[in-house]
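Quick setup: one chain, the form predicted alone, written in structure tokens, and binding and motion questions come after.
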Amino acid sequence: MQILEIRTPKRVAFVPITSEVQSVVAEQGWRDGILTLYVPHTTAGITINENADPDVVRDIIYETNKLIPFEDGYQHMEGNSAAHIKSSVFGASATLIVENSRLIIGTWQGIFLGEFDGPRHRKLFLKFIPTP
């Protein structure tokens, strides 16, 4: 297992991490198999979406903040219930195929760490399972 350390820039952000994940795959010599990415935080998540047009990320943040506002009569004492809900919606893990030491993702896709309670230092666990 490998761990990436990611510093997030603000309260809500989608940090592109495709190149960092691909670098770990290459450095570790992982050839063919399944790669699981896991975010061990209750106020962060992971998603795969368009990485070509930055307006897509802006739109996702905008709409997510409308659907799950920061203030909405939540009971959680820490004041970050919206971040917990967003983390649950996006999820804590993603599974990718690795073939010939390359991530198999769509032409326009990228991997993003979703930050919902930042800025913070986050960890991303990478677990590779080789296939015959």
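One-based numbering along the sequence shown. Quantities reported herein were computed from a predicted structural model and do not represent experimental measurements.
We do not show the form predicted together with a further copy of the same chain, though everything after this point is about it.
Among heavy atoms of Trp30, none comes within 4.5 Å of a further copy of the same chain in the predicted bound form.
Proximity of Arg58 to a further copy of the same chain in the predicted bound form: non-hydrogen atoms within 4.5 Å are present. When a further copy of the same chain is considered in the predicted bound form, Arg7 lies well away from it, no heavy atom lying within 4.5 Å. The shortest heavy atom separation between Gln22 and a further copy of the same chain in the predicted bound form exceeds 4.5 Å. Residues of 50 to 89 placing a heavy atom within 4.5 Å of a further copy of the same chain in the predicted bound form, in sequence order: Glu50, Asp53, Asp55, Val56, Arg58, Asp59, Ile60, Tyr62, Glu63, Lys66, Leu67, Ile68, Pro69, Asp72, Gly73, Tyr74, Gln75, His76, Met77, Glu78, Ser81, His84, Ile85, Ser87, Ser88, Val89.
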